[in-house]
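Only one chain comes next, encoded as C-alpha cells, the form predicted on its own.
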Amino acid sequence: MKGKTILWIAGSLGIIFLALIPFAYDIFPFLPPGLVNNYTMHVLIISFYYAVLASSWSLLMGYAGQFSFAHMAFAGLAGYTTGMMGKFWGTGPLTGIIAGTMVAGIFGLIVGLLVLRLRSTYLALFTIAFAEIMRFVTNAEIYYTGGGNGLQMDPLLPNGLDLGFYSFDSVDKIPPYFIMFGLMLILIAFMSWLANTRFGLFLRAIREDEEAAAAMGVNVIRYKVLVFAITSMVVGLVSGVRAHYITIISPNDMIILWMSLVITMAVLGGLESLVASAIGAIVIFVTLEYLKTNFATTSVMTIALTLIFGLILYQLGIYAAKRSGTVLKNIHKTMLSVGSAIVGLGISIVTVAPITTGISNAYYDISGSLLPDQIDMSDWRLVIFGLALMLTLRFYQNGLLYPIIQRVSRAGHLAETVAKRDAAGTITEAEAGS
C-alpha cells in the first residue's frame, strides 16, 4: 500500500472519529460515564479554533516566511466587529461574522502593505506593536468595547437549532461543535489547495529568496500582501464564530501568550505542513486542558523517568549500532524508539518508589516539609511545552509530525527514483556501446 493511501485512510478515520464523538454513548453505551461531556465538547471546539489559527500561521510563516505576531489582533478585530455590530446595530451573528471576516481581511491587507520591506526581526516587532496597540485600544474604549470587562454578544445560535427530528437550544454544544469542526476542515482544505497551486509555489520562492523570486518574474509585492489578507480573513472567520460561541470577547484574548501558543502549536506540528500544524494544535490544546489538574507525584515521576530512561536507551542503541558498523534504516529506528520506551517504562515502574523516596528526603532536608503527594500541573504545563518547543527547535526543526507524514507519504519514493536513474543509466550505456 502506498504511503499517500495510508495517510488518506488515517486522515479519514481521524475525521470520522471526531465526527462521532458527540454520539459516543449512542454508539458505545458501555463507555465510562463522564468520558464525553459538555466540557469535553468545549475543549474540542476551542482546539478546532486553534487548529485553524496554527494552520493559517503555518501558511504565513512556513510557506511565505512572514514571521507575524498579528494573528490574535486579527482575531480580536473580527470578534469586536461582530460584537459591536450586534450591540449598536442589532445585527445577527451571521452578519457580524461576515463583516468581521471582511474587516480582518482589510486590516490584513493594510498590514501586508506596510510590512513589504520588513523582514525577520523587524517584521516580528512591527506585528507585535500592531497587536499591542489593538489590545490597548480595546481596553481603553470602554463605551464601545466594554474595556477590561469584555464585550458581551449573542450566542452563535440565539434561537437554537430545529432540525425537525431534533431540536437544540442556544447553549447546546453539538451545533457549535459541528460548525467549528466543519469550518476547520473546509478552511484547512482550502489553504492546502492554495499551498499546492502556483500561489504556494511562489510563496515558497519568496521565502527562500525574495530577490531571486522577483528576478524569475514573481510579483513579490502582490503575493506578500495576498498571503497576509487571506490568512487574516481565515483567522477572522473562525474568531467571529468562536466569539459568538463563547458569548464574550475581551482584550485578554489578544495577549502575546496566546500568540506564542499558536506559534508553539505550528512549530511542534511542523511549519511546512498545514495538516501537521492543525493536528499539533489539537493535541497540544487538549493536553494543556488535561493538565489543568493535580497529578500524583509518583505518576509524574514515572512519566519523567520513562522519558529519561527511554532517551538514554535509544542513544545507547544508536551508539552500539555505530560501533558495530550496522546501518539502521527508518523501520529499525522506529522499532528501537518503541523498544526503548517500553523498557524505559518498565525500569521506571521498578525504580520510581526508591527514587521518589530519595527526592522526598532531599526535599525535606532543604525545605523542612515532605514532598506533596499531589503536584499542581497547571503552573508547570506551559513550562513543559516551552521545553518541548526548545528541544524541537534544537533537534527537530521540521517539527514532530511533519517528518512522520513525509516519511509515510514518500515511502518507496527514493527506491523508485533510484530504480529510474539506474534504468536510465543502463539505457545510456547500451546506446553508447552500440
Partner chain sequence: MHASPLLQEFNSGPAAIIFLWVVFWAVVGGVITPRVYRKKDLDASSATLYGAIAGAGTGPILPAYLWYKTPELNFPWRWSSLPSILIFSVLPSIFTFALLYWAFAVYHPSNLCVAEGKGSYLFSQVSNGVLVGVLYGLIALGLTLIFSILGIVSFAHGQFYMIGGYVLFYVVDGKFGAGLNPVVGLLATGLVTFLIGIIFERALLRPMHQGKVERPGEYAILLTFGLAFFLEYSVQATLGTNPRKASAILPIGIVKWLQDVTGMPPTRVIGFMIGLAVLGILYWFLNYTWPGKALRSVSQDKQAAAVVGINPLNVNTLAFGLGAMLAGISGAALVQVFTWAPNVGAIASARSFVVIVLGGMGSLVGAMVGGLVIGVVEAVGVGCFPDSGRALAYQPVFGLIIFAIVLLLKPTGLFGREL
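Numbering follows the first chain given and starts at 1. The model shown is predicted, which means the values in this text are computed figures rather than measured ones.
Although it is not shown, the form predicted in complex with the partner chain is what the next lines describe.
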According to a 4.5 angstroms non-hydrogen atom cut-off, is E141 in contact with the partner chain in the predicted bound form?
yes
Would you check, heavy atoms only and a 4.5 Å threshold, whether R198 touches the partner chain in the predicted bound form?
no
4.5 angstroms heavy atom contact with the partner chain in the predicted bound form for E132:
yes
Just checking whether Q315 would be counted as a contact of the partner chain in the predicted bound form - the rule being heavy atoms within 4.5 angstroms.
no
Checking a candidate spot here: are W57, F69 and Q397 all in contact with the partner chain in the predicted bound form (at least one heavy atom each within 4.5 Å)?
yes
Given a 4.5 Å cut-off on heavy atoms, tell me which of 185-193, 142-150, 73-81, 97-105 is the interface stretch with the partner chain in the predicted bound form.
142-150
Taking the partner chain in the predicted bound form as the reference, which of V43, L393, V36, V408 has a non-hydrogen atom within 4.5 Å?
L393
Of N159, T293, S120, S167, the one that lies within 4.5 Å of the partner chain in the predicted bound form (heavy atoms):
S120
Go through 70-90 residue by residue and record those having a heavy atom within 4.5 Å of the partner chain in the predicted bound form; state none if no residue qualifies.
F88
